[in-house]
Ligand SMILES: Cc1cc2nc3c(=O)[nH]c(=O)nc-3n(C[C@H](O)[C@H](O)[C@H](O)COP(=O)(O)OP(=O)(O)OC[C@H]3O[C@@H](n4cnc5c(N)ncnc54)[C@H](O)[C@@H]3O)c2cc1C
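Read the single chain below, which is given as structure tokens and is the form predicted on its own.
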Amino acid sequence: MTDTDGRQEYEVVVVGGGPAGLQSALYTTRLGHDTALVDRGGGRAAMMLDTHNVIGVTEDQSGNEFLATARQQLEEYGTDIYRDFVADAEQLDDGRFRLVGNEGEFVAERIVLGVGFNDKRPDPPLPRTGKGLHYCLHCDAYMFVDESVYVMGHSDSAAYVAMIMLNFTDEVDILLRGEEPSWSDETDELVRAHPVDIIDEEISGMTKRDDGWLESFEFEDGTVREYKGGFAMYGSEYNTALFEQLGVERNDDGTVPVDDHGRTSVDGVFAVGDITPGHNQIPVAMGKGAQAGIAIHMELREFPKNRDEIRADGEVTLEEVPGISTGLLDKAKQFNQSHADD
């Protein structure tokens, strides 16, 4: 890292401190590239009360604990971590990228944007997220085996999630909350052919258990239905502002198309995690982050030199190696020595 006129200059800057961004920063740092992670805090992973479906991570670890452990690992390897919100991005004349946050300014040869999306929340009354209100079927369906479950929404996605939940329980309701179904005629035929109750009335009240979990909803017609929990399906708002500023292509649904290594339509700009198409899962996001990190290393690493470089500049000398900055070299030596002493 170098500081030039208040700008922090790196080989790689990762924006977004979720699982995908953290994994990208882990790879680029350990592969010898000066890396900064700029994270505004929060995010979907931080909302998790328990961590599911991540092998080696037990259920009793919260999302915040999971992320804090990852940040500590990165700092030990040599990643510089900043708490900031990046609001502006542009490509400079020399091909590098300038990112401007509320607190700092960064310049990098490669940028990784793991900025994700925000789930659209329904109107209250609602239980606490993670204690009766959930957004990820593949993460949380397991906890509702043989329990009473709701699916809140009126779209095709809501209807399909309700039908999928029949693989786990025989008590599934769709809560329209006074809205007309917006799903297709084909979906309507399917959902009405499954043992799913469709509740038209709006929710007028809610009861929670002593531990904070949802117990029941009361509806405007006076009925009360008990639920262990359920899923809200109102769509997503993708965080596309930085991609728009950089001229990166986007899909109609708001996601950013990438190749198998996270490359976008703009050279040097990578996208990882929930902002890209595919399953919104921590292990999937981590895999995407790793792929991007390796691809960036392949593009930026010093050695081997190609034949044109060798012919132009001569053979590589011992004075030119290793191809890693002094700061990261020292960090790596400290890390390896401390673990050798364990």
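One rule holds for the numbers: they count along the sequence shown, beginning at 1. Just so we're clear, the structure is a prediction, and the values are computed from it rather than from any experiment.
Here the subject shifts to the form predicted together with this ligand, a form of this protein not shown in this document.
Interface residue remark: Y142 is not counted as part of the site for this ligand in the predicted complex, having no heavy atom within 4.5 Å. Under a 4.5 angstroms non-hydrogen atom cutoff, this ligand in the predicted complex lacks D34 among its neighbouring residues. Contact check for N64: every heavy atom lies farther than 4.5 Å from this ligand in the predicted complex.
Looking at G78, you'd find every heavy atom of it more than 4.5 angstroms from this ligand in the predicted complex. Residues of just one listed stretch (277 to 285, 291 to 299, 309 to 317, 24 to 32) have heavy atoms within 4.5 Å of this ligand in the predicted complex: 277 to 285.
With the partner omitted from this view, the residue of E215, E147, D84, E105 that lies near this ligand in the predicted complex is D84 [heavy atom within 4.5 Å].
Using a 4.5 Å cut-off on any heavy atom, the residues of 235 to 252 that reach this ligand in the predicted complex are, in sequence order, N239, L242.
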